[in-house]
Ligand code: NCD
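Below sits a lone chain in structure tokens, taken as the form predicted alone.
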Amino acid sequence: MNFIGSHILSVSQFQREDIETVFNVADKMIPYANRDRVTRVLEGAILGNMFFEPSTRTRVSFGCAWNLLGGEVRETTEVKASAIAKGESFYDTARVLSGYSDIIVMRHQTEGSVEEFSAASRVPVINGGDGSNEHPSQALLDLFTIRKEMEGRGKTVDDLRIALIGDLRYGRAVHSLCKLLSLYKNIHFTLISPAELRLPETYVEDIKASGHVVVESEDLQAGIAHADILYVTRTQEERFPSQEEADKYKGLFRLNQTIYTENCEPNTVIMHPLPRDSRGDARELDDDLNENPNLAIFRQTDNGVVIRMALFALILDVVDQVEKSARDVNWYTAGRFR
């Protein structure tokens, strides 16, 4: 893959060697994300952060990653805050805003919308999530987290045993992660969901065609028994035809410390793309797991910054220039990655 000037719209663009390229650059970004070093390699460059669907982590971490490389961020949040609410087309919006930016990150609730936007953009576009379709950077940071967690246990991504739990039908992070994991060897997928929220058959077929094992189940406790990774998701209620329909599945699979202790191996890693739903009728990932050292959800969010820094550096071709404009920080830093 030639990253320079490229759109990042789907994980289907990546081969395994491309993933390793991103991860190698991400490792180099840790001192800057950790505030041990400061670089101004993108000083004067502008990121257009266009989020037409609610977001906290993705929007802020993309902006943070850009700022850490020295650039400035301009944001549009929600359709009603943009000219699209007045009837402007994606084409016109893309042509205008790409004139104001060096790169654009876009999130939209409609599948295929980011690709449509990118076709008219004059600068690279990164997909920050398009409906229930894909979320490439989330999948990359999830896989980066899996790699690091497995390395700490003397394992690799190859031969991984992963249980994906919850809303697998609408979870775009799950969809993209499954595609990336399919590039590795001998992965055992346990798909735990209600029958109505199973992983779409096209994804299951692709996983099997890549030579991996797939087991589908509605039994949470049996499904998590021999996993290296538990990847828990919330019910994507915003994708359902009605709130009443979504409410039928909220809280159906709840992982708490008791269930974890009774059914999981001692070092099983717990992940979640966040946000987790902490309301009483949901709690798919209970707060009583917060002190569990195998809970990796906040290590995931930290890793999101370095992955997004790596994507920016690769797309704008500044990887070899980052250190040239770097210096030590002159303020107290808490050491996030230590």
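Residue positions are given as counts along the sequence shown, with the first one as 1. Everything numeric here is computed off the predicted structure, so don't read it as measured data.
FYI, the form predicted together with the ligand isn't displayed, but the following is about it.
Proximity to the ligand in the predicted complex, taken as a non-hydrogen atom within 4.5 angstroms, holds for one residue of R40, R57, R283, R37, which is R57. Exactly one listed residue, out of T190, Q236, S101, S113, brings a non-hydrogen atom to within 4.5 Å of the ligand in the predicted complex: Q236.
When the ligand is considered in the predicted complex, R169 lies well away from it, no heavy atom lying within 4.5 Å. Using a 4.5 angstroms threshold between heavy atoms, G44 stays clear of the ligand in the predicted complex. Of the heavy atoms in P273, some are within 4.5 Å of the ligand in the predicted complex. When the ligand is considered in the predicted complex, K179 lies well away from it, no heavy atom lying within 4.5 Å. With the ligand left out of view, the stretch that reaches within 4.5 Å of it through heavy atoms in the predicted complex is, among 309 to 317, 291 to 299, 29 to 37, 57 to 65, 57 to 65. Contact residues in stretch 114 to 139 (any heavy atom within 4.5 Å of the ligand, taken in the predicted complex) are H135, Q138.
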